[in-house]
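Next up is one chain by itself, shown in structure tokens, the form predicted on its own.
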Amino acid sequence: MSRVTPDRVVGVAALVLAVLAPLYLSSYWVGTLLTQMLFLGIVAASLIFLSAYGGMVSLGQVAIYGIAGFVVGNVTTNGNTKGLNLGWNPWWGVVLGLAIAVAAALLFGALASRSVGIYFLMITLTYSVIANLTFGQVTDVSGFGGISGIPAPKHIGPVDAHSNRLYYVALGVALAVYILLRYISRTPFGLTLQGLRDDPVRMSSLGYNVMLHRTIAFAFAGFVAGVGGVLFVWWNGHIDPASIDLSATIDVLVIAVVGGLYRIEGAWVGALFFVVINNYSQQISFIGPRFHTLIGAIFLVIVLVSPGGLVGLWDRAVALSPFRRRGPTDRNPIEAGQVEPSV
């Protein structure tokens, strides 16, 4: 029988509060802030998965997120906007968008899988720059004005009129992504990936194909990021190259690091923190145009105080309490302090 821990209690409480949010929060909070937090958290979770379990800090997740969003926009719109305007059913747009996003992630992963550390980071940053410039300059599929009027499926309806529907869809998808990532990390593939993170030379000598495993992991993370991209275009109804520019890439990295770069839960903790700070700081006249200066200062303080991010602060609080956070069999090497995280 599983033991009740502070992590589980807080997790269940957070889920209950999220499910009941439309009952006690305004439609602005639910439809704008929390929905945005959920899909940004999904994208950040794909980055954290690669970092925590594969030792790969990727700056290419926003590029894949954008590819999925632009494909959905091109094939589902049918009106006066940039793009192909094919007028497909939104669900077929999702299928094609995720398929192309995964194919792009496979290619990106295959090209970057031989590099590590700063070289991997810079290669994946190049992917984001290429994606941004491609969609900005190829006017047949976007141009700098982007694609507008992207429809959500009929059962979700216009987001402005039925914001709760998309919120619950995003909540369900975020929960499914979290469970999937936790499950994958415990499968033979996930354990092999952690072995490659810790000692790729030894794993290679044991017969494991290091490049293949890293490529598959990158493609899987690309699928997760693509799901976030689909939710984004449904929520925003518009996507343009500015949606996936360098600023957006850094924002996702900040979300992951502030939340906790080595815990999947940190993706949504960091996303909520980022979205709330972003929204309310913009309303303060002297901060508005200097938001990134503010978030940079907060980022620096959190990293110095707690390298594990906000989730790391929670872990410290639990460690000082009479309750243990987890049993040793349920902790990965990074969380147990047995292995130094690879960046």
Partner chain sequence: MRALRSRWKLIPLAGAVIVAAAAVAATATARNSASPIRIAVLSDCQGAFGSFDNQDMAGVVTAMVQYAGAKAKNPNKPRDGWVGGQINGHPLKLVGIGCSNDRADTAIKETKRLMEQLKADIMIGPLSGDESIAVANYAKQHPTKTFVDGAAGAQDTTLKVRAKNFFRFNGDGAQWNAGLGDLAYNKLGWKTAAVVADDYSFAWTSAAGFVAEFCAVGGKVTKRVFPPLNTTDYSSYAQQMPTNVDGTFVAVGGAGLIPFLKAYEQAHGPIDGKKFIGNLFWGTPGQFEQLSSRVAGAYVGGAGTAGDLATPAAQAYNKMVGKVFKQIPPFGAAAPQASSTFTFGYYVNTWGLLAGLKGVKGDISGGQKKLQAAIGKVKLRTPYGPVHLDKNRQAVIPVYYQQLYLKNGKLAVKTVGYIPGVDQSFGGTFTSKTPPPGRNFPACVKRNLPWIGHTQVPKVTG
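Predicted model only: the values in this text are computed from it and were never measured. Positions refer to the first chain, counted from 1.
As for the form predicted together with the partner chain, it is not shown, yet the points below apply to it.
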query: Per-stretch contact check against the partner chain in the model of the complex, the hit in 78-86, 96-104, 171-179, 220-228 (non-hydrogen atom, 4.5 angstroms); finding: 78-86
query: One residue of 167, 262, 235, 273 in contact with the partner chain, assessed in the model of the complex (non-hydrogen atom, 4.5 angstroms); finding: 235
query: Heavy atom of residue 200 within 4.5 Å of the partner chain in the model of the complex; finding: no
query: Contact of residue 185 with the partner chain in the model of the complex (heavy atom, 4.5 Å); finding: no
query: Partner contact for residue 243 in the model of the complex: the partner chain, 4.5 angstroms, heavy atom; finding: yes
query: Close approach of residue 195 to the partner chain in the model of the complex, 4.5 Å, heavy atom; finding: no
query: Partner contacts in the model of the complex for 26-49 (non-hydrogen atom within 4.5 angstroms of the partner chain); finding: 28, 32, 36
